[in-house]
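Below sits a lone chain in structure tokens, taken as the form predicted alone.
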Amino acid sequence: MKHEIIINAKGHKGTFERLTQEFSAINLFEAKDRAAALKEAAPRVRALASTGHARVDAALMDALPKLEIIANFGVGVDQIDLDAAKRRGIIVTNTAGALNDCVADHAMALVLNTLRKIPQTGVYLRAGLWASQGAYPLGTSIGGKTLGILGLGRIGEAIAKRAQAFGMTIRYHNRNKKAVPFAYDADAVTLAKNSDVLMVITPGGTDTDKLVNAAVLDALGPQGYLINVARGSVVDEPVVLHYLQEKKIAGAGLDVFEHEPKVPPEFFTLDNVVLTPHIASGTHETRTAMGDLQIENLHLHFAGKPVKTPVV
């Protein structure tokens, strides 16, 4: 007999198909009457399969008094009320580890594309401007630059490994120092001051909200570059836009935004920013691995075994 779960949002197609095949799934996002669906499932459902963009708050947990595990598709759990889960003894898992390399690859792609302006050069070529106006203006070299990593977790370390291969020097800031061979800065402002490129790869949530603000960008300066593959909430988006418009920083590569999928259209007119639509983990291989891990955590829990990637 299949274990019953609730799915609160439709995410990766292959993972959704597996969830509905391997479990008896209640698709909450399809329910015409959400409250009625929750009430009907409440006496039985012990597990919730969530996605990184779907909110899981205390009210949802209260509506499911038998809930034992929230298995999240994604490493970020800022949309889950972790304190509420902890108080109720609910296990929360994520897909940490499954996307490290893919996100690190995209982070370095943003560094390359932002400093060398690769998307802009493609537009220049396609418009016939190479032939009519000559060579595209010079870009900025990566080798020899200092990459400041704001959030040296597992993904941050994967980024550092790649950046070193490009000849970059690594600095970092975390709340606590780590046993790594990189220079440590005590705060984000100091890190930005000591960096040519500031890489943001911290978790989202209230603790990091608007961590990258005007003071940090002032420290980064007009020759510095900002790369964000964390969460849109970690940077003060209107301030970043203003600093790009006024050339108070040299450029930015942004994969995440504050109100996704809505992006301020003012960004689209700038030639010193590279934009991607939150695709750092967006490969077939990585999304499949993330789904495999989410489903494995559910199966382990139902088998009475420890989950693989607990958050709380």
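Nothing here was measured: the structure is a model prediction, and the numbers come from that model. In case it trips you up, residue 1 is the first one in the sequence shown, and so on.
Quick note: we don't show the form predicted together with a small molecule, though the next part is all about it.
Trainee: Which is the contacting stretch out of 262-270, 31-39, 55-63, 277-285, given heavy atoms within 4.5 Å of the small molecule in the predicted bound form?
Mentor: So the stretch in question is 277-285.
Trainee: Determine whether any heavy atom of residue 85 comes within 4.5 Å of a heavy atom of the small molecule in the predicted bound form, and answer yes or no.
Mentor: Residue-level check for residue 85: no, no contact with the small molecule.
Trainee: Taking heavy atoms only, is residue 74 within 4.5 angstroms of the small molecule in the predicted bound form?
Mentor: Although the small molecule is absent here, residue 74 would touch it in the predicted bound form, with heavy atoms inside 4.5 Å.
Trainee: According to a 4.5 angstroms non-hydrogen atom cut-off, is residue 290 in contact with the small molecule in the predicted bound form?
Mentor: The answer is yes: residue 290 has a heavy atom within 4.5 Å of the small molecule.
Trainee: Can any non-hydrogen atom of residue 92 be found within 4.5 angstroms of the small molecule in the predicted bound form?
Mentor: Outside the cut-off, so no.
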